[in-house]
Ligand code: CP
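Encoded as structure tokens, the following chain is the form predicted on its own, with no partner shown.
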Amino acid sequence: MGFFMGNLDTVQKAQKINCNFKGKDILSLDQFSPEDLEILFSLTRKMKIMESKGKTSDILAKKMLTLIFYEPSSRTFGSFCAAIKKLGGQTVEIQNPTQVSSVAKGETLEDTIRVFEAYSDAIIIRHPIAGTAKAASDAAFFIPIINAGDGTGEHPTQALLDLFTIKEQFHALKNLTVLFAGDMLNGRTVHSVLRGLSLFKGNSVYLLSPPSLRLTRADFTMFSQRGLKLIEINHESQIPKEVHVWYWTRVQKERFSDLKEYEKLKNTFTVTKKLLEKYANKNMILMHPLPRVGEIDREVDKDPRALYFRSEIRNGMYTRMALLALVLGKIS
């Protein structure tokens, strides 16, 4: 099944896809250009329409993809599995390999990757240590590696689905004002979405977090040099009224060595109906990569501006369907 990619000439389209997607590792938002995202999001929209009409596709027929998740996951693991199967592909699924695979016997990451690339057309990996996805890509000889989250590093496919969700709402990814709240230091999703926003002009970002969970100074400087206007704030009262996106995140318990410190910080900032009424405008959207652990009251779920259940999760499946089709070279 072929998908036409908008206004690109057929030959130019094929060249662009082959250059920036086909057979490529997906490790970081740094590897994408605005043009790449337009290609991806154009196909994502087509996947979404296809699903809404109940149509099927065999783009990944005869393709076998292995998911190796060293960290717990529900949405990322589940949506990748769904995306693959919706497109006619098959999966090898390994969760918690330290207990259920030869990793428990001492097998190295590199050897695990080389074993499973013998069975697979691509490997999707999640790991608690930043940089592991790159190490996996260095170990693989023949197939692409897709980063499904590497410690405090990045989570590129989550960022892609979030950027798609924002663009659906505002029809652009430039000249936006975005609020991030929660854990800026350890939030790999935050790190990836900021990279994505830095590709577009005129974006301002407010960062609301406890002082100990701010971006590193190196990251703050890097993102500022890329053109993002970053403003660190300490209290909800400093949230400007005309913000397009509230992007809330949890304080990540698994990144703390001192659980007393986690308990002290975990619900520093919480979205309530009262907070929305006081500081949010009627046209903004509220997003969260999930899981939430108390930082958004459940009563907020009914607010039409809250998109984390309403569209963000489904967009994850559509975006991953499009990305896998592009990486595995099945678009014509």
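Note that this is a predicted model, so its numbers are computed, not measured. The numbering used is simple: start at 1 and walk along the sequence shown.
Absent from the display: the form predicted together with the named molecule. The rest refers to it.
In short, of 109 to 117, 212 to 220, 135 to 143, 154 to 162 it is 154 to 162 that has heavy atoms within 4.5 Å of the named molecule in the predicted complex. Residue in contact with the named molecule in the predicted complex (any heavy atom within 4.5 Å), chosen from 192, 76, 147, 249: 76. Residue in contact with the named molecule in the predicted complex (any heavy atom within 4.5 Å), chosen from 72, 128, 240, 131: 72.
Mapping the unseen interface onto this chain, residue 50 falls outside it, with no heavy atom inside 4.5 Å of the named molecule in the predicted complex. The shortest heavy atom separation between residue 306 and the named molecule in the predicted complex exceeds 4.5 Å. None of the heavy atoms of residue 276 is located within 4.5 Å of the named molecule in the predicted complex.
For residue 34, no non-hydrogen atom is located within 4.5 Å of the named molecule in the predicted complex, even though that partner is not displayed. Along 273 to 297, a non-hydrogen atom within 4.5 Å of the named molecule in the predicted complex is carried by 289, 290, 291, in order along the sequence.
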